Each structure stands twice: as C-alpha cells, then as structure tokens.
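Only one chain is shown below, in structure tokens, and it's the form predicted on its own.
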C-alpha cells in the first residue's frame, strides 16, 4: 500500500505543485497583510511549475491512487489549458479595478489556485466519487469568488444564486451516481462500462434517467441548457476576472469530465473501432447530447441579441459556445472529440481576450453597458480593434482561431452524416454575428454622447497582455496545424483499459 501511494505521488506532481503554491500564497498573504503583486507572482510561478510537471507527463499512462485518477495525454492536454487560463486570469486581476478596490487583500490568488486544483482533478478523474469531489472543489471556491466584491449588492446576489443552483445540481448528480452504483456495483467508469456491456439494457429506463440526472451536474458546470439559469446573473454580478475564469477555466474542466464520463462509461468493449465509438445498446446518450447542444445554441444566441450589458451578452454567448462544443460529442467518434479540443484551445484565447478588453473598458468607463461605449473607437482605437478581433473570432469569421474550431466541428458532423446538425450550427453562427458586430457598431459607428474624442490612456502592460491573447487568436486562424496535431494526439491515446 505504501509503495503504491509513493508511486502515485510521483504521477501527482502537477497537483502537488498547486497545493504547495496555494499554501505559500496563503502564508505570504498573512505576512504581507496588504494587496501585493508579489502574491500574484508567486501564484503564477506555482502554476508554471505545475504546467512543467504536466508537460513531463506527455505520453505517460498510469492509474493513480487505486483507480481514482489517471495520467494520460487527455488529462495532460486539459491541465495545460486550465493552467494557462488561470495564469491569464491572475494577470487580469492585477489590472482589474473591481479586484483592486475590493476590501479583500490577496484571497483571490489562492482561491483561484484552489479552483485550478479542482479542475486538474476533474480532468484526471475516472471514479464517479472523485468526479463529484473535484467538481465540488471547483464549485465551492467559485461561490466565494462570485461574491468577492461583497460591498456590491449584485455580487452578493450572484453568489447566493450560484450556491442555490450549484447545490441543487450537485445533489441531483450524486443521487444519480448512487443509482448507477447500485445497478453496477462500482464507481469506476471503466468497470461500469464492462458491467453494462454484459447486461441487456433495452427498455431499462434507469440508465437514461441516470445519464440525464448526472448531466444536471456536468451541464451546470458548462452552462448547458436547461442547466444554465445561474449563468447570466452570476456572470453579470461577479467581478469581470472571475467571470472570465468561470467562462473558460470552469467550463473547460466541465467538458473534460463530461467527455471522459460519457465516452468511457457507455462504450462496449474497446474504446473505438476504426475511429468510431462502440456504444452500448440501449444507452441513447448521443440523442440527449444533440438535444442539449441545439437548445444551448439557439437559446444562447437568440437571447444574447437583446442584451444591453456586454457581460450579460458574453454570458449568453458562453452558453451558445458550449452548445457548439457539444456538437463534437454528439458525433461519437475520435474526429468529433479532436474537434472539441481544437475549439477549446481557440476558445481559451478569444473568450479570455474579450473579457480582458471589457476589464480595460470598465476600468475607464465604470460600466459594461453598450450605451456607454458609444464612440469608444475614437478614444481607444487599439483596445477597440482588439475587441473586434475577439468578437470576429467568437462568431467564427475566417482567418481567426474561432473559424478553425467551427470548421472542424462542422466537418466532423458532415462526415458522420449529421448534415442537418451542421446546418443548425451554421445558422446559429450567423445569428451570433449580429450581436458580436453590435458591440463594434457602438464603438466605431457611433459618436461619443459627450462629443469628446480625448484619448484614453492604458499602460504598456495592458497592451502586452492583450497582444498575448490577440496574436494567437489570429495566428492559429491562419496556421492551425499545431492545434490539430495536439488535439489528435490527445485523443488518439484517450481511454484506459
């Protein structure tokens, strides 16, 4: 037992690095006793160390802690995505007026690292109990972060709503997992698959009911319809860096555990045959995913059209983006999963970029309303051009990373004879272009209400961070081979039997 634990710890180094950095930042916060960029810098250093250990695990395959978590290229991929997004969000907090003006000192740093730790565990979990515990680790810290600016009424309101919805969805999910455990006698998803492959599930409603109830937990994490009700209010009420963290890091973690649970629990025999999943007869999870995907795209895009708050608009946009990503899972083959990973890599840069520009604008205007951004293109042309890049990328305009992600998703659908679903996705992309362009319309085609064209000043650091997000968004839209290779490699070795 001791030898097994020691061997497991050797494969647990990325998570160990996060635990150590979290403890160090807590101690530093107690020593410094004031807001300090040093604590943030230490947190970023810890994340870089964790990502380095994850990088060393590329190509490795191991089961840790008696089958609770695994190390494989799929988990390594998500650890790199989650670590990078957390680093960017910590950089956002250094320039965010909401975070800097809050009554707290540096609590956001170790809360975000704790959330990243939970996200790492979500990406590696192969046991339903571990999936639940890691999801709760992410959720509990995100509740606190959502209400971080406690003096702002809407922030406290958003945290309360988040807790209520989170508690309900988590309770439903763990109950469904208990039903599945009672039926199969195991919490391990691979053993679950083996058991279900040996029994006749035709006409058995228990499995379908369990899938739907478990999707209540995972769907809440990825803001999928109909588990999305918390998203607009929480995104609007939380500080913008926290909103960005929930939209990218938390959602990516949700997709990682959803993909692993669905594709490994309900497959018969080997993981794939000729690139296609062998689904256990009687388990119609593909139809459920298609319904959730279409509903998320339609509701997210059409409701976003009517929003006047950019934060709220991006909230509904995130719901729709989750719907696009789910399209890859509905295909039920390796090509679809690879398309999902490609889109998630693009989503990291373009969505974080949009939220970062919103932080810069809100710092100067003290509002995220479209009406307050009239003529902003005259006052802050560089920042508004950056917003334009991210808006076009989110809508899927060619030469951006967002186009590449949607191209691979729609291609996977067409090659799997789901042309109608690709058409639905394409039509929703056209609708999304309307409200993304509306932001640029206010910025560039309207004059400032006060008639002033005085330039707004931003520091050099603000432009550097924006470029770190804008350049990859454009670069990977033109040269996307690295994204495709990384995604295909991560999926080619996906699964552990």
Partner chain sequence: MIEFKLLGIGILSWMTFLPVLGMIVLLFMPRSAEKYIKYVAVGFTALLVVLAAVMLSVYDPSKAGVNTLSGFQFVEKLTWIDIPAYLWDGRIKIEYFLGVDGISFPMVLLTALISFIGAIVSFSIKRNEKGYYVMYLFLVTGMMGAFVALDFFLFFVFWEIMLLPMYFLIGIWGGERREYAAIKFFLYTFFGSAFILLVMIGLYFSSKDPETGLHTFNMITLMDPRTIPADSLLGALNVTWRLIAFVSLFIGFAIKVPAFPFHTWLPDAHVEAPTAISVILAGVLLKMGTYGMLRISWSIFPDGARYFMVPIAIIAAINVIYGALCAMAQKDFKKLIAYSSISHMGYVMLGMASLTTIGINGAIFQMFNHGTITAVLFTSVGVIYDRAHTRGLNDFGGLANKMPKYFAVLMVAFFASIGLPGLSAFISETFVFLGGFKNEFIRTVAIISTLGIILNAAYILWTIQRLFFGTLPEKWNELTDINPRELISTVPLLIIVIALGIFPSYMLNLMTTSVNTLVNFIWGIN
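Worth saying up front: this structure is predicted, and the values here are computed from it rather than measured. Residue numbers count along the first chain shown, from 1.
From this point on, the text means the form predicted together with the partner chain, which you will not see here.
Just one of 392, 227, 277, 77 comes within 4.5 Å of the partner chain in the model of the complex, counting any heavy atom, and that one is 392. Among the residues 331, 320, 338, 253, the one placing a heavy atom within 4.5 Å of the partner chain in the model of the complex is 338.
Of the candidate stretches 140-148, 179-187, 214-222, 395-403, only 395-403 has residues whose heavy atoms lie within 4.5 Å of the partner chain in the model of the complex. Under a 4.5 angstroms non-hydrogen atom cutoff, the partner chain in the model of the complex lacks residue 40 among its neighbouring residues. The partner chain is not drawn, but in the model of the complex it has no heavy atom within 4.5 Å of residue 65. At the 4.5 Å threshold, heavy atoms of residue 34 stay clear of the partner chain in the model of the complex, well away from it. Contact annotation for residue 10: none of its heavy atoms lies within 4.5 Å of the partner chain in the model of the complex. Within 4.5 angstroms of the partner chain in the model of the complex, the stretch 302-325 places no non-hydrogen atom at all.
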